[in-house]
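Take a look at this single chain in C-alpha cells; it is the form predicted alone.
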C-alpha cells in the first residue's frame, strides 16, 4: 500500500473497516474478539523455573508504593530493612546476611572470592552452572564430580575430590536440574567435615518447595560457626525473578567480605517487593500448593505412560523422554510448550518447569503426540 493516500481512498478504507465492525456486531461477535480468536495463543513457559502466579498482590502494592521513592537514593535503608527481616526469619543477626542482585550474584561473588584466593572449586557434574561458569572466568580449576547411577550427588566422591588446593565446594539442594534432595543427615555430616578445609556453598534456591518432612536447611550449621554459605532467592516462590533479589546466610566474616565485592545494584522497587512478599505467608502457601497440583498432573500422566522421571522437591521435574532435547524443544513448541535447555550428558532428559495446573495438561497432550 502506498504511504500517501488520497482523501477518497482514506474514506473508502475507513468505510470498509467500519462495515466489518458493524457486521461483526450484528452477528453478535465483537470484532476485537473475532480478530483475536484466530490468533494462536502464546506458548506456555515451562523452561526457566518461574512462578506463574507472582508477584503477589501484597508485593505489587509495595512495588507501586515504592515508585514514590524512585527519585531517591533510599536503597541503603531498604537493604538494611531487608537484611534485618531475613535475619529475623532465619534466626541469625544482620551481620550474617549478604544481599545480592539475585542469588546469581551471590554465586558469582563466591566464585570471585575463590579465584582471588587461587582456590579450586569442587562441583557435581550435573548442577546449576552459574558458579562454575564464573569460576572458569576467574581461571579457577573446577573439578567436576560424577553423579551416582540414579543421577544423585555423590557426597563420598565429593569429599574425596577435596584437596589442599580446594577453597570452595558447591552443592545445590534440592539440586537443579534434577529436583532431587540430598539426605539431610549425610549432607550435614559432609558440611561439618569439609567446612574445616574449604567453604561449603549450599544453594537452597528451592527450599520453600520441599515437602520431605526430613529436610533441614544447613543454616543451623552457619549459626554454629561452620564455614558455610547458604544462598536464598526471591525469584522462585515469591515470583520476583525479574527484580533480582537474593541473599546469603553465612558467618559474619564471610558476609562482610562478600558484601565488599557486591556491586550493590539493587533497586528500591525490588527490595520493597521482597520485604512485603517474605511476610506474605498466604501467597507463599498458595504458590506451593498450586505447584504441587501442577506436578501431580504431570506425574499422573508420566506414570500412566511408563515414562521415567526423578522425584522432585522443587517447581520443576527431570523427565527421561528418550528423545534428544534439541529435537524435543522445537517439537513441543509446535504444541504450545517451551521446555528446558540441554543438560549434558543427559541430553535425552527434559527439565520441565511447572506452570499452572490447567496448563500442564497441554504438556501432557503435546508430549503424547511428540512421542507417538
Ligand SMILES: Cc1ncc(COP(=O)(O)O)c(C=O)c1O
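Positions refer to the first chain, counted from 1. All of these numbers come straight from a predicted model, not from anything done at the bench.
One more form of this protein exists, namely the form predicted in complex with the named molecule; it is left out here, but the text below deals with it.
>> Considering non-hydrogen atoms and a 4.5 Å limit, does the named molecule approach residue 102 in the predicted bound form?
In response: Output for residue 102 is yes: heavy atoms within 4.5 Å of the named molecule.
> Contact between residue 114 and the named molecule in the predicted bound form at 4.5 Å, heavy atoms?
Replying inline: No, no contact at 4.5 Å.
> Is residue 233 close to the named molecule in the predicted bound form, meaning a heavy atom pair under 4.5 Å apart or at it?
Replying inline: Yes, residue 233 sits close enough to the named molecule in the predicted bound form that at least one of its heavy atoms falls within 4.5 Å.
>> Taking the named molecule as it sits in the predicted bound form, is residue 107 in contact with it (heavy atom to heavy atom, 4.5 Å or less)?
In response: Yes.
>> Please identify, from 139-147, 169-177, 186-194, 83-91, the stretch that has a heavy atom within 4.5 Å of the named molecule in the predicted bound form.
In response: It is the stretch 169-177.
> Of the residues 122, 205, 273, 97, which one places a heavy atom within 4.5 Å of the named molecule in the predicted bound form?
Replying inline: Of the candidates 122, 205, 273, 97, 205 is the one lying within 4.5 Å of the named molecule in the predicted bound form.
>> Considering non-hydrogen atoms and a 4.5 Å limit, which listed residue (128, 134, 278, 209) is close to the named molecule in the predicted bound form?
In response: For this set of options, the contacting one is 128.
> Mind listing which residues of 238-254 have a heavy atom within 4.5 Å of the named molecule in the predicted bound form?
Replying inline: Only a single residue, 244, comes within 4.5 Å of the partner.
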